[in-house]
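Both blocks below hold the same protein chain, though in two forms, and each is given as C-alpha cells: structure 1 and structure 2.
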Structure 1
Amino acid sequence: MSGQERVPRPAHLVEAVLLVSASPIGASDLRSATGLSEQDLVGALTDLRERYDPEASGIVLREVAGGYLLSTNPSCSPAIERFRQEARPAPLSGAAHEVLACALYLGPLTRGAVSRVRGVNSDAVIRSLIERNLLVEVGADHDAPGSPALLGVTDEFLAATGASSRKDFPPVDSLVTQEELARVRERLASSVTTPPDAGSESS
C-alpha cells in the first residue's frame, strides 16, 4: 500500500452525504458538503440514478421537496414492514388535514390565525403535527403582540406527499369557491388576536 488516501469519486461523496440525511438535500447544499462543481454534481447524480434503478435495487434515489433523498424501493415495503414489525403511524385526522391545508395555502400562519380560520382552537392538533415533523416554526409575526411563531409545512411533509414544491399542489381557487375563500381571508384579517373560545381538538 502506498499510504496515500484514495480520493473518493464524486458519486461516492454524494451517496455518503445522502445516506446520513433523513430529509431531502438540495443541490446547493450537496455542492457545499462535497466540494463538487455543478457539473460534477450532475454527473454524480446521474451515476446514482443508474446505480439505484428501481428495477435493479432495493434503494432508490428520489427527487422530492426540491432536493434529493435515498429511500427504500416502494416495491420492497412489505418485507420492510414485516422486519420492523411495527404498525404504521396513525392516519391523520380531518382536523390535521385542515391545519396542514391552512399552512400550505395560507401560511405561514400563527397558531391563533389557524384557529380563527378553522373556527376552533387548534393548538392540540398543531402540537401533534409539529411532533410528527409535518409542521415547523419558520419565523415570528413581529407585528402581533408577543411576536407569536409562524408555522409552515416541512420538507418532510412535501416528501411524504411526493411533491417537489408547493407548486405541485392544485391552486386553492380550484378547491374552494370564491365566496368560501373570501370568508377565510376575512377571518384572517380579523382584529381578533385570541383563538375562538372553544375547547381544543384532539389530534
Structure 2
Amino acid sequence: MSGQERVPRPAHLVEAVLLVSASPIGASDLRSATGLSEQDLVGALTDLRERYDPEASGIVLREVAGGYLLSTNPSCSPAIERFRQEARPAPLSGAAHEVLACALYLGPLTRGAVSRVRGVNSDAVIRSLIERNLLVEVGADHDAPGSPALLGVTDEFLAATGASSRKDFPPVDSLVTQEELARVRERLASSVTTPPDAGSESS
C-alpha cells in the first residue's frame, strides 16, 4: 500500500461533483468546484458523454438549463418508480401546456396577460404550475396598476423539456403554417361578412 494519494482524473472529479447534485451545474461552477481549467473541463465532459451514452448506461449526462446534470436513463424509470414506491407525476393538462407556452414565448408576462391570450381565466392553472416549480414570478410590471407579478419559466421547466436554454425551442412562428393562418383569417372574414340570421328578422 503506497502512502501516496492517487490524483483523480478530470473526468472523475466532474463525475463526482455531478453525482451529488440534483440540479444542473454550469461550467463555471464545475470549474470552480473541481479546480480544472476550461480545456480540462471540456475534455472531462467529452469523456463523460461517452461513458454515459444512453445506449450503454443506466445513467445519462444531460445538458439542460444551462448546465450539466446526471440523471437516470428513462428506459430504467419503471424500476426506479417501483423502488421509490411512487407513481410518475400526472401529465400536465392542455391548459397547463398553453400557459407554459405563453410564459416561454411571450413571457415574462402577468397572469392577466396569460388569461387575455387564452381567453379564459388561468389563475388556477398558474398556481398549479408554480407549485410544480415550472413557473416562477420573475419580477413585477411596475407600469401596470398594482405592479402585478411577471411570470417566467424555471430551470426545472428547461430540464423537464430537455432544453439547455430558451433558445433551444423553435421560433413560435415556425410552429404555425401560413396555410393555417390563412384559414383562420378566411373563416373570420366569412363570419364577419355573413349577416347573422339573415332573413329571420321580424318586421
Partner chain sequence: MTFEPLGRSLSDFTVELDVYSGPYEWLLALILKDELEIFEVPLRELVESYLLARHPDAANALERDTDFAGSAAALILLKSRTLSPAIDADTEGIEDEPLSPEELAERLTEYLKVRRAAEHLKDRLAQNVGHYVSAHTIAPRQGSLGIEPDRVSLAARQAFSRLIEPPVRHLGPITVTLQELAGIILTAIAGGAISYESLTSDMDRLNRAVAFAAALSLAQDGSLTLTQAEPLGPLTLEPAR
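Residue numbering: structure 1 sequence, from 1. Basically, rigid core = biggest C-alpha set you can superpose within 1.5 Å across the two forms. For clarity, every value in this text was computed on a predicted model and none was experimentally measured.
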Pair member that is the form predicted in complex with the partner chain: 2
Hinge residue among Ala163, Asp173, Ala101, Ala79, where one rigid part swings against the other between the two structures: Ala79
Rigid-part reorientation between the two structures, C-alpha based, degrees: 22
With the core held fixed, Ser23 moves its Cα between the two structures by a number of Å equal to 2.5
Angstrom shift of the Cα atom of Val184 between the two structures (superposition on rigid core): 12.9
